[in-house]
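Shown next as structure tokens: one chain only, the form predicted on its own.
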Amino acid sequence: MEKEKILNDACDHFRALVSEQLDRAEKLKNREILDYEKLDRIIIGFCGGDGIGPIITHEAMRVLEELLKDRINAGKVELRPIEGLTIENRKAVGKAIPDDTLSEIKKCHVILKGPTETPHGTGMESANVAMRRELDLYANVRPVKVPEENIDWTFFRENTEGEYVLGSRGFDVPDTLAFDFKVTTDEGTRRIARAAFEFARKTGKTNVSVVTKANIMKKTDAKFSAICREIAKDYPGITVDDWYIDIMTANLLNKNRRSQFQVFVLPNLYGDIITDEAAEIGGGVGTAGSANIGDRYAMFEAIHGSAPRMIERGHGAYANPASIMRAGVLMLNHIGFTSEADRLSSALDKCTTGSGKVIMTGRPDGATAKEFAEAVMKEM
């Protein structure tokens, strides 16, 4: 391939991406925020996903059906299963989210979603990335608490930009080199920064840590850090500090320092990585939930994968649904059902570490997902 043709192709490719992202940046300036208190009925959608996803999502739906039965009977809440978000369907139509499935998702106000598998070698975007973009779920919020170690962290990961927004649309020169692209917009950074500082203000936190690699990524990460500090000026009672992602991963393991941290705000990729580390410290990724929040929609999910090996071994029934139920707690708090959220959270604590602990091993020597759900409902 001639060098001049490569350069022309690269320029055309990059020009189209920049044009698209400029349009996206402009749209970010026009925001409409949904007020759940003004809704006559809240529709909660349930997407099973792949592997163990349908199993644990089904049990979470059973628990929420019991927990919210009075609101459901009064017509204030609808629980709506949504089919189609499976790897088979996505492969068949060649889309991260089939059009009809996306249409059904958009008819809901919030979504509780099981893990989805990303097909390898197809170039297809992950369903999670596509859903975050299509629903503009810009804030990925992950809490981690370990009371006995005085750990109370909340991570605000920017969810729609960074390396992920164009992750499947890089530029490749066969047998020579390849480029991927990272995007940071001013408005996208402002809204995730403000979400983090607003959370800190409302919950009485006194510190927000901005985590980047601004010493290396001098355009994108430096912009992210500068805008976070700009937003911080509106919150005089909250201190802000800057950290590089590499040292922060070490700090979370440093028992002499980690209890000093409270709220974190990070670009997309770093947030993806470090929240898995934090979840492991908090008891494992299999027990952690995650919130993906936008102005109009919100999606809540377990942060672990679809565990295809468990399905292959015939152990799917033994999958631990604690993670997606924890995501359900985040969802209930988000829509203003705080008393129900507290009931579910307390029941989960008892069933995972407390007096009613259910032994989950992922194998026949432990409890099933159904048995775990039954125990949670009993504790509720």
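Numbers follow the displayed sequence, beginning with 1. From a predicted model like this one, the values you see are computed outputs, not experimental measurements.
Another form exists, predicted together with a small molecule; not displayed. Remarks below refer to it.
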Where, among 244-252, 205-213, 150-158, 296-304, do residues come within 4.5 Å of the small molecule in the predicted bound form by heavy atom distance? 296-304
Using a 4.5 Å heavy atom cut-off, which residue among 89, 168, 118, 239 comes into contact with the small molecule in the predicted bound form? 118
Students should find that, of 189, 262, 220, 128, the residue having a non-hydrogen atom no more than 4.5 angstroms from the small molecule in the predicted bound form is 128
Answer yes if any heavy atom of residue 81 is within 4.5 Å of a heavy atom of the small molecule in the predicted bound form; otherwise answer no. no
In the predicted bound form, residue 52 touching the small molecule (heavy atom, 4.5 Å): yes
If we define contact as a non-hydrogen atom of the residue within 4.5 angstroms of the partner, is residue 283 a contact of the small molecule in the predicted bound form? no
Looking in the predicted bound form, any heavy atom of residue 310 within 4.5 Å of the small molecule? yes
